[in-house]
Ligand code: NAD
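Presented as structure tokens, the chain that follows is alone, the form predicted on its own.
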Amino acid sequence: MLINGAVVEGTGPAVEVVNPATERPYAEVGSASLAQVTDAVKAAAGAARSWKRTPAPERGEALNALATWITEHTESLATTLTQEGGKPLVENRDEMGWSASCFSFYAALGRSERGRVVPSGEAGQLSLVLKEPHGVVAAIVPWNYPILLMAWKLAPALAAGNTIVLKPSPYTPLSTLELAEGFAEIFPPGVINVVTGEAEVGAALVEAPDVSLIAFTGSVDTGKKVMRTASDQLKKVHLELGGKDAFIVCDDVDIEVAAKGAVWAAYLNAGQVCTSAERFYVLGDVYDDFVDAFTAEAQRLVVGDPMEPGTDIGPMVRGAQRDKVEAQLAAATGSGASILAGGDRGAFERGFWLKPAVVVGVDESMELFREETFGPVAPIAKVESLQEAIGRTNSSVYGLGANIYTQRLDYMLEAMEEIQAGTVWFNDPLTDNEAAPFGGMKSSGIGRELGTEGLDDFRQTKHVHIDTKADIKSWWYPYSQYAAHQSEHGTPPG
């Protein structure tokens, strides 16, 4: 781990890292003890004042240096992440590129402004609105995009002048620990600290008095626990939680293009993406053709060794995640749904494999179509109109993202205005932009990552009022003087 600039071994229980493609142990990582969590938070708190006072251009240089470090170590980081997480190597290489770009973006944005000047009430006065760091940020990162989602938190937090204690998922700690070498080379001791372990390590971070803000990505249930614990100390929380993103296919689309985009949105990273398309609403006029085209595309996908360049879909990250998906599929088919393709483990002898499933005959009474799945499953329902699709989209407790395929501007405007989601993609699913905000509505989260909004979420606001005259004010005591002058002259004294 990395605590106060020093590489240390975790003295808590060892956590076994498993290769999802083989189910075989890949490494063991010692967890942080509670004392080491305390040391990491203390180190971050100790570095907070000097990092805050470091000029923004210097902080930006450090972020740019980290972007360069990630780029130079792309192959090694991507390989490690593939071995511990199961995502295809080609996707992990892309993740490194996106992560480096995020640090470069905030390197520039962090030096562009620190607040604003507002008009004052009198001449000779200055009124400033300053944006300042919160202090110590606890960043708790998931396993599906460990480096990218870490970057989405660390880049704006560091650019704003905060210090960090970072906890990766126990499923995928190795790539983050490898990246910690770059942290140690580039940043002053204590600015970024890395601790590993299970849920109790994250809980200790949330409870630590010197942590001012908790940035968490994960499940809704865990997010609620984080929020409840943080409320005892009135800490700020930044939560990116679950999703059940809708994918609407209108009746004016090019079926081939829509089907290809839909397959990618459903099965990227074996469906283990918070913005995966997990429920499809297809207008009746194109429903049959779309289902046929989608199924044909799904059956063409290559499921196999994630280290091979021709692999499209790797294994799921753990058996427990696969068990949950299989249970949803079984319950749905038991209630009348039909699996047109996939949904089985294939011929693999070992590994957490699940072939991409296409499911029809589904509705919101089924958990598969109502609750987050986080696996390679595409449930497809027929709707009679765009209005029905929007209504059913909004019936969910989630509101992270939504996709719509249409060429009609009136459809776009209606969906844009009516859909309750943090991001709405038209004809280009799951495309993020570090200059635009990302986050959810309703149960999908609190706060935004990326964009100027992401920077502001890691800053707090201070109002500064300056009077250069330093004179006596007419409204001060004694009020008798004020009243007498006003009675005699009709105006306040001064």
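Residues carry their position along the shown sequence, with the first being 1. Keep in mind that what you see is a predicted model, and the values were worked out from it rather than measured.
Missing here is the form predicted together with the named molecule; even so, the following discussion is about that form.
Put simply, of E185, E198, D344, D254 only one has a heavy atom within 4.5 Å of the named molecule in the model of the complex, and it is E198. Contact with the named molecule in the model of the complex, defined as a heavy atom within 4.5 Å, holds for exactly one of Y281, F374, F294, F103, namely F374.
Not one of W98, L154 and G451 places a heavy atom within 4.5 Å of the named molecule in the model of the complex.
Contact annotation for G261: none of its heavy atoms lies within 4.5 Å of the named molecule in the model of the complex.
Under a 4.5 angstroms non-hydrogen atom cutoff, the named molecule in the model of the complex lacks T71 among its neighbouring residues. Residue contact check for E240: one or more of its heavy atoms lie within 4.5 Å of the named molecule in the model of the complex. Contact annotation for T222: at least one heavy atom lies within 4.5 Å of the named molecule in the model of the complex. Residue heavy atoms within 4.5 Å of the named molecule in the model of the complex occur in exactly one stretch of 142 to 150, 409 to 417, 334 to 342, 77 to 85, and that stretch is 142 to 150. Of the residues in 160 to 194, those that come within 4.5 Å of the named molecule in the model of the complex through at least one heavy atom are, in sequence order, K167, P168, S169, P170.
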